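Heads up, the chain below is alone and in the form predicted on its own; it's given as structure tokens.
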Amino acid sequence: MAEPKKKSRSEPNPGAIVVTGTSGFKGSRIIKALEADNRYPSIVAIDARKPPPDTRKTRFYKLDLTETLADVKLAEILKNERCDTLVHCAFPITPPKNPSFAHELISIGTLYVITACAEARVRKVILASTTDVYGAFPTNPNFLQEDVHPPKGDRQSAFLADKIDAEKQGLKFAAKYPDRVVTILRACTILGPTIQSYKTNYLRRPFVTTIMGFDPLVQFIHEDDLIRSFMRTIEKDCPGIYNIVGDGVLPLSRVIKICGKMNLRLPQMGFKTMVQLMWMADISPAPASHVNFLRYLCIADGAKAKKDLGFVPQFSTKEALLSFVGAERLREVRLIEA
């Protein structure tokens, strides 16, 4: 009698895949990728708003993670759905105007998610994060590594402090339950045809402001590559933190030139105050706390993701930028929707 075939660690688990934040870019694109993959028959979307109506096999639960007792409600859903893997994407890409709401959603919301996963004995948790948590500092090395350089972005931004706290919630969960799998994906700036963020808004302006005497290197990940990295971690158990970046870097001045925009170089003195006033007036795409990214290096090393996840981006930093620029040109002549 033949022995039953042993299950490979890389084979997808038949349990439900639950995705939070499915009205946002990352969550909605992951749901779309799972919908197209026959290996995942059980998909659950969690959000305060309904996902797009073209989903066929996704079950939707309306839940606001900033509500009191959201952890209790979520734990009940996870138990009923026999959740195997939870992908937590309920994070704003752009810093919200309301810092209290941002804290409730990012930090407290993640605490609720982790508490619910512990209660429902969820086997794998995947957290969406960003390489911005490293922060931009004049002392940064050429390439920031996950297990060598701790995130310091909380020194510059309350928004990034909440992101770092969300990561800590996941790491505490991993330490307390060593039989579970926790993966944190830190993506660099996302570019492509459809992504909308404060960084794409920055590059869309006719006059792109930079600071005199500074021209930091930047890196991008194409939006399709980002979703491939999430699918890779759903398929394969890889605990730990991973930088998700495209190959290569570009000087910010070169990026602005490729976008066909005017580089408006301003003196450093008074720049932060001006940006904060513009942010409050809805003119600047980001608050002053992000100005350091226009001055200093924040480049992450993607070698660990290539080695452990087997994740190789199909688009380089320059190719991701060209994809974004090409889509913008098509929008200008109304060949694709704005």
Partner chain sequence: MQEDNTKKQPAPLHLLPLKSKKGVLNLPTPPLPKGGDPDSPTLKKGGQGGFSDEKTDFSRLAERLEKKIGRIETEFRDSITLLNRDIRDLLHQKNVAFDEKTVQAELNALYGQLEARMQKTVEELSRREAGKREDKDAVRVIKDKTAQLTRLLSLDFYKSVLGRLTSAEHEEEVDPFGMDYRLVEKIKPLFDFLYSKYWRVSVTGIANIPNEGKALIVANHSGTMPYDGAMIKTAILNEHPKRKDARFLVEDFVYHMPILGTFMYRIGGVRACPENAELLLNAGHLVIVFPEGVKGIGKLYRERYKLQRFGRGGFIKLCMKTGAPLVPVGVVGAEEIHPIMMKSNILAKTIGVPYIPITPTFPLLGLLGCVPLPSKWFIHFGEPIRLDSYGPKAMDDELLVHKLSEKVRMNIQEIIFDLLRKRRSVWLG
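Quick caveat: nothing in here was measured; it's all calculated off a predicted structure. Numbering follows the first chain given and starts at 1.
If you look for the form predicted in complex with its partner chain, you will not find it shown, but the lines that follow are about it.
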item	value
Option touching its partner chain, based on a heavy atom within 4.5 Å in the model of the complex, out of R265, R121, H103, H149	H149
The unique member of D154, D224, D165, D237 whose heavy atoms fall within 4.5 Å of its partner chain in the model of the complex	D224
One stretch from 166-174, 243-251, 94-102, 201-209 that, in the model of the complex, holds residues within 4.5 Å of its partner chain by heavy atom	243-251
Check all three, P51, D54 and P178, heavy atom within 4.5 Å of its partner chain in the model of the complex	no
In the model of the complex, E76 touching its partner chain (heavy atom, 4.5 Å)	no
4.5 Å heavy atom contact, L297 and its partner chain in the model of the complex	yes
Non-hydrogen atom contact G15 with its partner chain in the model of the complex at 4.5 angstroms	no
Heavy atom of N80 within 4.5 Å of its partner chain in the model of the complex	no
Residues within stretch 197-226 having a non-hydrogen atom within 4.5 Å of its partner chain in the model of the complex	M212, G213, F214, D215, L217, H222, D224
